[in-house]
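Here you'll find one protein chain in two forms, each presented separately as structure tokens under the names structure 1 and structure 2.
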Structure 1
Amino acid sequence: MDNLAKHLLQRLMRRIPASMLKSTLDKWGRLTAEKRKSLDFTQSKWTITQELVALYVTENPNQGMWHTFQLLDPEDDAHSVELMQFKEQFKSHLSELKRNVSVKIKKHTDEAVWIRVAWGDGLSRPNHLKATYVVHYLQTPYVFVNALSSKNKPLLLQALTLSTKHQQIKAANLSGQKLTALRDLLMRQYQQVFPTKYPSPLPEKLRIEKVQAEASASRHRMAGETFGDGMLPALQSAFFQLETKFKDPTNEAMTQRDEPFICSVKFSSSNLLESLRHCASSGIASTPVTPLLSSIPLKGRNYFVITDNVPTA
């Protein structure tokens, strides 16, 4: 929810008389009965407003910018961490690291644990309108974070690491607007944990149609093998920072340079993986697909820095 919308909601809520709040929301009809029941109308309007915003965010996870982190070096008991334990540990670790925070944790039906952290400072109460959202699937190494300031980042990451019984956490170089796309991209590698929810790629649903030439069939096959068959997670962009030397046999002057040729490439599409798959199957991208592009689905990343020393960083 952008700031303007939040501002409008605040103003609206202020103008609706408290006694009419419940009936207004009922009439509005946008919240399910279950959600409406979850709202406690004995609370202050301000609190209810914050809860409405939180509801909105959890219902619309494909907005804002999500960044992925990966937990590393699990301790022996990391695999047995369950919800209650995680909740307690996270809240306790975070409040040790920072005073005046408000944490709400809830597990959704799809096994996702949603954490909402409202940060307060010395003078003001925690503000849930500007909360940080964290989504984590227990027993997986991935954590998705939205709206985290650089100031609070080390605290949050520390609390997450400790409460999941890991020793380290690092940026996973995968960001985007669509939480579901990021999650699906990573979970494809995690099928053993979610066998029913994230089935393995559908076998051969690819429409090869009237492909006569062997080369074309081979391209299609390689495209499918690299990016997957059937529906692909709707990742929207990938960014490559290139710092490699310029090598072109027809251009001696540039090839002899010692310094790297600095440039960056950003690929964008409403569904990047499908676009890239089509590039491969149509021949626009030569097959076998270069590791730079195949790293996107294989490593579950969309941010890369490529230097001559590390060809597929």
Structure 2
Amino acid sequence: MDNLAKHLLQRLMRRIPASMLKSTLDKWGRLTAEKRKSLDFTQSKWTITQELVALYVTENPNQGMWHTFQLLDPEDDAHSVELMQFKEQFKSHLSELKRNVSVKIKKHTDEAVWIRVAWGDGLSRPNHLKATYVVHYLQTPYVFVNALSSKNKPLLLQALTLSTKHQQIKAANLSGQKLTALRDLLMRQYQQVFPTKYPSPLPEKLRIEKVQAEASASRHRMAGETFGDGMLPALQSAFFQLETKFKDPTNEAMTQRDEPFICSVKFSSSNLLESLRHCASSGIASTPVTPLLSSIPLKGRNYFVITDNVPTA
């Protein structure tokens, strides 16, 4: 939900009499009976508006830009952290780092722990309409974050590191608008079917048809070895940045230049991995698939920096 939609919802809520709010939401028909029961209509309309925005985000996670982080160096008892302990520790640590903050934590049916953090600034109260959303699966090293400002980033990451009993946290170099695709790719929750046999082409009378059939079977085999034959996470983009120094013995001035030349390439598609597999199997792209592209599913990343002979994060 973008800012315009949030403000429109806020204006509509102000115009609806408090006594008619429950019946209006019932007639609206966009909330399930369970979701309607979760709303406390004795609260202020401002609070109910916040809850409606939160419900929308959790029910429509494939919007906005999600960034992934990986927890590192777990302590000996990191695997035993339970939900109640995590809630208490996270709220405690974040409150110590920033006083004017509001935190709500809820566990969903898919075991995902959703965290909503509303940040205040100075004397202003926390802004729930511009909250940061965090999704974490306990006992896993991965965290997914939406709408986090650079100012609050170190505070949130420190609180996450301490409350999950880890020593460090780093960017996982994976981002996108579809939370489910990022989760499935990073946590290997999609069906990775790597076939061991492919049907051999039927004998053809003409040599050229036989060669083409064999080439097609080979392309499908190599595409399957890289991406598998099952459904792929709907990753929407991948970024590659090349950093290289100028090399020409006849041009000393450019060769001694300290700053590298930078070239950035972005691949975009409604389902990038499926598109890459189709390009490889159909012959649009050469096979075997280049390691730069095969690293996306193998390493669970979609951001790469390539330097002179040294790929980096």
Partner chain sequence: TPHSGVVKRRSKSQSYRRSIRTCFGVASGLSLTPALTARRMNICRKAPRSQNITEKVKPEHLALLVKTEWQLSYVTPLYQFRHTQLKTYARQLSAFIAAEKQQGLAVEVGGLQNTFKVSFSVLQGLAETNDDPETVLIQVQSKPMFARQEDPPKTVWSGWLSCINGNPEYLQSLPKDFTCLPLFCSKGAEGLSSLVKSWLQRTFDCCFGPLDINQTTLQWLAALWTNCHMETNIQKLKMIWTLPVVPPLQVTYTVDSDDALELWRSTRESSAEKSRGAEDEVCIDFSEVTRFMQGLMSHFYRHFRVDLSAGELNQVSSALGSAKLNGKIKQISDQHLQPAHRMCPPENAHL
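Sequence positions of structure 1, starting at 1, serve as the residue numbers. In this text, the rigid core denotes the largest set of C-alpha atoms whose superposition between the two forms falls within 1.5 Å. If you're wondering where the values come from, they're calculated on a predicted model, not measured in any experiment.
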| property | result |
| --- | --- |
| Label of the structure corresponding to the form predicted on its own | 2 |
| S270 C-alpha relocation of at least 2 Å between the two structures, rigid core basis | no |
| Shift of T287 between the two structures at or above 2 Å (CA, core fit) | yes |
| Distance the CA of F261 travels between the two structures [rigid core superposed, Å] | 4.9 |
